[in-house]
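Take a look at this single chain in structure tokens; it is the form predicted alone.
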């Protein structure tokens, strides 16, 4: 079955405390986004990779690729106002059917094994996402009060989220809804059951300066 990947990289870097978008911040000497693309290329040397970036960042990214000698083949697509629109723009250039993975551009530590699990599960079940147990205590805040929630049945969702292309296209035919939080939420609304696969603790989403330092350690 044909496979393809959409890597969505629309961060602004605000939580990093600087003007550089987090996907462009250097990790061990090269932009973080390079590591993410390389992870998918290592999984499948022939798989089409589509990178979605804000329109104003595309020229910067191309210059970074030249400056760092980054030659891994990939297509670049302009994103939209929200993640919904960015993913939809990436999906528009996916050719044929098969299965597509949607991955956060700032998750550079995704392993080949995790990518393989997600693709295989989506090929069998239609939709699959990686999840990990929540280990911290959780409280639900309601106005000025809060209450503890049993975390036993709760899971934190990661990417790549993988879907049969026809299912994802049907999901994105619906109008944008602010309640949309990820691709799985959208697909689930069509009546498709989303299959859960074991994620990986090291598959962190780089959001803060501490995450950058941790990623450098793990990539070593």
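Just so we're clear, the structure is a prediction, and the values are computed from it rather than from any experiment. Positions refer to the first chain, counted from 1.
We do not show the form predicted together with a further copy of the same chain, though everything after this point is about it.
Novice: Whether residue 134 contacts a further copy of the same chain in the model of the complex should be assessed with a 4.5 Å heavy atom distance threshold; does it?
Specialist: Yes, residue 134 sits close enough to a further copy of the same chain in the model of the complex that at least one of its heavy atoms falls within 4.5 Å.
Novice: Are any of the heavy atoms in residue 211 no more than 4.5 Å from a heavy atom of a further copy of the same chain in the model of the complex?
Specialist: Although a further copy of the same chain is absent here, residue 211 would touch it in the model of the complex, with heavy atoms inside 4.5 Å.
Novice: Wondering, does residue 218 line up within 4.5 Å of a further copy of the same chain in the model of the complex on heavy atoms?
Specialist: Flag for residue 218 set to yes.
Novice: Indicate whether a further copy of the same chain has at least one heavy atom within 4.5 Å of a heavy atom of residue 99 in the model of the complex.
Specialist: Judged by the heavy-atom cut-off of 4.5 Å, residue 99 is well away from a further copy of the same chain in the model of the complex.
Novice: Only one of 62, 28, 193, 68 comes within 4.5 Å of a further copy of the same chain in the model of the complex by heavy atoms, so just point that one out.
Specialist: Result of the distance check: 193.
Novice: Heavy atom within 4.5 Å of a further copy of the same chain in the model of the complex: which of 188, 177, 55, 38 fits that? Just give me the one.
Specialist: Of the candidates 188, 177, 55, 38, 188 is the one lying within 4.5 Å of a further copy of the same chain in the model of the complex.
Novice: Can you check 115-123, 88-96, 141-149, 71-79 and let me know which stretch has heavy atoms within 4.5 Å of a further copy of the same chain in the model of the complex?
Specialist: After filtering at 4.5 Å, what remains is 141-149.
Novice: For the heavy atom contacts within 4.5 Å of a further copy of the same chain in the model of the complex, list the residues of 153-173 involved, in sequence order.
Specialist: Sequence-ordered list: 153, 154, 155, 156, 157.
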